[in-house]
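Two forms, one chain: they're shown below as structure tokens, one block per form, named structure 1 and structure 2.
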Structure 1
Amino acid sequence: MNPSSIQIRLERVVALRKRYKAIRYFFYFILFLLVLYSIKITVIEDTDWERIGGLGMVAKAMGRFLPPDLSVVKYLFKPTVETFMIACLGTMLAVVLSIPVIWLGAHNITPFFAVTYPLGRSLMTLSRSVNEIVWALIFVAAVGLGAFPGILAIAMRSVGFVAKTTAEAIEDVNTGPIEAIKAVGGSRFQVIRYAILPQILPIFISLVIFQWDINIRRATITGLVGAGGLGLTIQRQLLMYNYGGVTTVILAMLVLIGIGEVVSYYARRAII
């Protein structure tokens, strides 16, 4: 290797790096423009700046949420229990509804594969792709205000996750016991009851507890559109411009969610 050949290659490498650098900065610049444009059309043009006023006004508006209005505490017991009950009953209903969906959507037990398997899978996707708020809006429209539409919304939202995960567990089950139950002359039902159910039961219960925990959160939110519980209380406090009361309700939600988290942690640990 003589020095001049290194010189030549050096020039080439440096030139190449310069070009790559130029391309890179060009992309950074494009990205920067895109971010600016997004901020312009969302935050700048879509916000009512005159109403917000100065920074002091923003702080003042936030300040209205403090201190919490403790006088509403005595009205919170019932909606808190209601939220809790919506989550529990919604989860139970989801368990009941998920059983046929699991049956249809697990490829090794589905009765008529070509028809029922896609059906089961679609039901799972439908349940999961519609948000609980949307489910709640639908059921409030269907059955009116209160806890009942909340229960239905929570159940519909949970079915997909419970069914999908359980169906996948069923597809991974050890096939030995299935053969054994078939070999003693067991029916399809008996194969599911004796060879499959015992294998997936711990997973299923753990999933349901996990869903119950999430459903407590969901139940606090669905109330905002009229489906009962603490969400409904928040909405009423907002309508009365009692922002301190809103803070109190949010604190109640935190306590309830915390309880749910602790209970589900210990319950799941007891099973596994």
Structure 2
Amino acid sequence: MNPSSIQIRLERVVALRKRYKAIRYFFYFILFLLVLYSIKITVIEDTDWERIGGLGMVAKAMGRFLPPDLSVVKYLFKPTVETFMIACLGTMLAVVLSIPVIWLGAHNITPFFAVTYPLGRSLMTLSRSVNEIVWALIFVAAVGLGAFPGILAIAMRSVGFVAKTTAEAIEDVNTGPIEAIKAVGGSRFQVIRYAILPQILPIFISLVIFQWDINIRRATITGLVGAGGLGLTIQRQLLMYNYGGVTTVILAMLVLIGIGEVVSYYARRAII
């Protein structure tokens, strides 16, 4: 190859890189303009700045939440335990419900790909697309107030995450053990039991612990729509305009979430 052809190829490569660089910066510029437009529409134009007032009014409004009303503490033990149990039972129910969804939604183990794979993926998407507050509203309307709709809401919200991540882990497993078991005449169940399950079990357990940690936070929120726990308590304090009591309940939420963080950390270290 003569030097002139090498020079021509280098010039083409440099020109191509410059073109890609220009296109990339153009998309960055468009994205920046979209962000500015979003801020203008959602923050500047859609905010009632007259109602907010100045910093003094904001500080005065925030000051209503201080100091915490410690007289509420004696009423927080039961809602705190209830919130913790909603997270635990909701996570356990999500694990049970996610198993068939995982089986349907992993393309290398789904029984009838054309039918069951789209069904499994649709269930995952439905679970993840609907917020836990919406699930809680649905189940409160269906079964009434209390912890039970909170458990159902937490479970339905968690199925999608656990099932999707586990199904993708199953799709990425090492195929060597699978082929070996099939070669000696192993059944589909034996392939799943002895080739796939040992590979994805640590991932699945880690996901469940992580989801339980998240569900403690979710359980404190679903109560705002009547699904029990600390959320229901904070709603009652708001209805009574006891802003100091609201602060006390929020502090109880932070303590519970902190306990969940510690427990999940040591649980992952002990099990995984």
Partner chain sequence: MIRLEVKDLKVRYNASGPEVLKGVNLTVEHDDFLAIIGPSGAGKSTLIRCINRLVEPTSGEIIFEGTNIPSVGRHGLRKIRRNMGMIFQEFNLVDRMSVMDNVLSGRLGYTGNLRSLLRWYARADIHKALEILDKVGLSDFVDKRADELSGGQRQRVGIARALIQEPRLLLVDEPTSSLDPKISRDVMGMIKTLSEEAGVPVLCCIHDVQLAIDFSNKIVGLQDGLKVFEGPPSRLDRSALEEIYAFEVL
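Throughout, residue numbering runs from 1 along the sequence of structure 1. On a predicted model such as this, the values are computed, not experimentally measured, just so you know. If you superpose the two forms and keep the largest set of C-alpha atoms that fall within 1.5 Å, you have the rigid core.
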Worksheet item: Which number goes with the form predicted alone?
Response: 2
Discussion item. Taking the rigid core as the reference frame, tell me whether A142 has a CA displacement of 2 angstroms or more between structure 1 and structure 2.
Written reply: no
Worksheet item: Is it true that V184 shifts between structure 1 and structure 2 by 2 Å or more at the Cα, once the core is aligned?
Response: yes
Worksheet item: After superposition on the rigid core, does the Cα atom of I23 shift by at least 2 Å between structure 1 and structure 2?
Response: yes
